[in-house]
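So this first bit is one chain, no partners, the form predicted on its own, shown in structure tokens.
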Amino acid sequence: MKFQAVKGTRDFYPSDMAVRNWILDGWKKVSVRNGFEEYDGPIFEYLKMFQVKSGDEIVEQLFSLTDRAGRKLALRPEITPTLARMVNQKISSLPKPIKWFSVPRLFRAERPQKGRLREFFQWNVDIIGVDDVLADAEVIFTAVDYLRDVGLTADDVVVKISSRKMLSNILKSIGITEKELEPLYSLLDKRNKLPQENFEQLLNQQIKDPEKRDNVLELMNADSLNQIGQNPILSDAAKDAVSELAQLFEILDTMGVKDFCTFDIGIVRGLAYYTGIVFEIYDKDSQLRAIGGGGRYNNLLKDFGGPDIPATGFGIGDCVLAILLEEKRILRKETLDNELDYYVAFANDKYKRLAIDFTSKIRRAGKSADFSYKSGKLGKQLKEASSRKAKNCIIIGSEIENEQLVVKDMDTGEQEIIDKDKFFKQLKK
């Protein structure tokens, strides 16, 4: 019987693993240089923990299980609830602000499609304990810092930014009730994915009052923050939220990433999870799903039984990101191949033990090295050295009788005869 990988999962052959490590190592490097510390948690948690954040309907989207003691568990579909649990457990001893990042493997029982799988990696960056728009700016900067670091430009990607607090207060100014608010958020979040005619039909079903409906449409058609700020119906709370968003763009300008960012009233980010600034990252041509997104979630720790502490953060998945990097020819195979520092070849069998000895010494010096398990012609070994992307090839032949080695530069083809002891002394340096 032949077995296939489960649909929606991936096998990581060495070349695929090189891509995965290149992306994940880049996430970690950028996180650390922006002052974030790494954390992680268990792959499975109590099912109830995910229900607290997202409700009972989340169960259908999880890989859930019951353990031998009858406890209901689930593979983590995200790591933010784990973050909240961990912070709450040690909240009194953790220095503030808390700047943490994680690169978890996540699982979601949904229909696999382009850019969306059942198993994936996600970069999560969060700042906890800062109720200031500067923290929102910093997480956005960190995301852009990585995208720019791998070679993407403002012509390739865009961060679309809005505010749930602003939207909520404007909708209330229009006369939308609390009862109408939550289902309306869900519809507005889908607006950019629906034909305008379909969107308006669904809006008619939700908002019966034509005046309210026209005001909602006018709001969602606003193309600048300045246009919204001049609306005479804004309440003081709505004006404050507009001002906060304007301040965010000023800080992003100071940070040098404003050219990556734009205001988009259509960024809503789901249901009641977010409480302030929200953003999503897209390819500039909008041909792919969102690369990532996030925002402010000031109620999360309190919802998980902890204190009332503000927080903001984002997540970027590896699936859509990898598609974009490949389309932009950034994931060049030659830059991702595992290269050897040295390949040790031997002219004939009598030098094989020396080849093993030299390879071990090179490895102990911290360099990557390998040799042929099978004795073979020197030309065949050199060909293998080339296929293994070795930078240099050490050839052990008759010169060794005089304590010398032949070192070949595999790029230029130039060969150098060097004293054996001198070679290993240089290697240690």
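Just so we're clear, the structure is a prediction, and the values are computed from it rather than from any experiment. The first residue of the sequence shown is number 1, and the count goes up from there.
The next section is about a form of this same protein that is not shown, the form predicted together with a further copy of the same chain.
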(request) State yes or no: in the model of the complex, is some non-hydrogen atom of G305 no more than 4.5 angstroms from a non-hydrogen atom of a further copy of the same chain? (result) yes
(message) Within 4.5 Å, heavy atoms only: does P42 come near a further copy of the same chain in the model of the complex?
(response) yes
(request) Using a 4.5 Å heavy atom cut-off, state whether G35 contacts a further copy of the same chain in the model of the complex. (result) yes
(message) With the partner left out here, check for me: in the model of the complex, does some heavy atom of A369 sit within 4.5 Å of a further copy of the same chain?
(response) yes
(message) Counting any non-hydrogen atom inside 4.5 Å, which residue from K212, K239, R85, R191 sits next to a further copy of the same chain in the model of the complex?
(response) R85
(request) Please pick, from D357, D285, D223, E200, the one residue with any non-hydrogen atom lying within 4.5 angstroms of a further copy of the same chain in the model of the complex. (result) D357
(message) I need the one stretch from 156-164, 201-209, 245-253, 226-234 whose residues put non-hydrogen atoms within 4.5 angstroms of a further copy of the same chain in the model of the complex.
(response) 245-253
(request) May I ask whether P14, K99 and Y373 each come within 4.5 Å of a further copy of the same chain in the model of the complex, counting any non-hydrogen atom? (result) yes
(request) May I ask you to list the residues of 132-170 that have any heavy atom within 4.5 angstroms of a further copy of the same chain in the model of the complex, in sequence order? (result) D132, L134, E138, F141, D145, R148
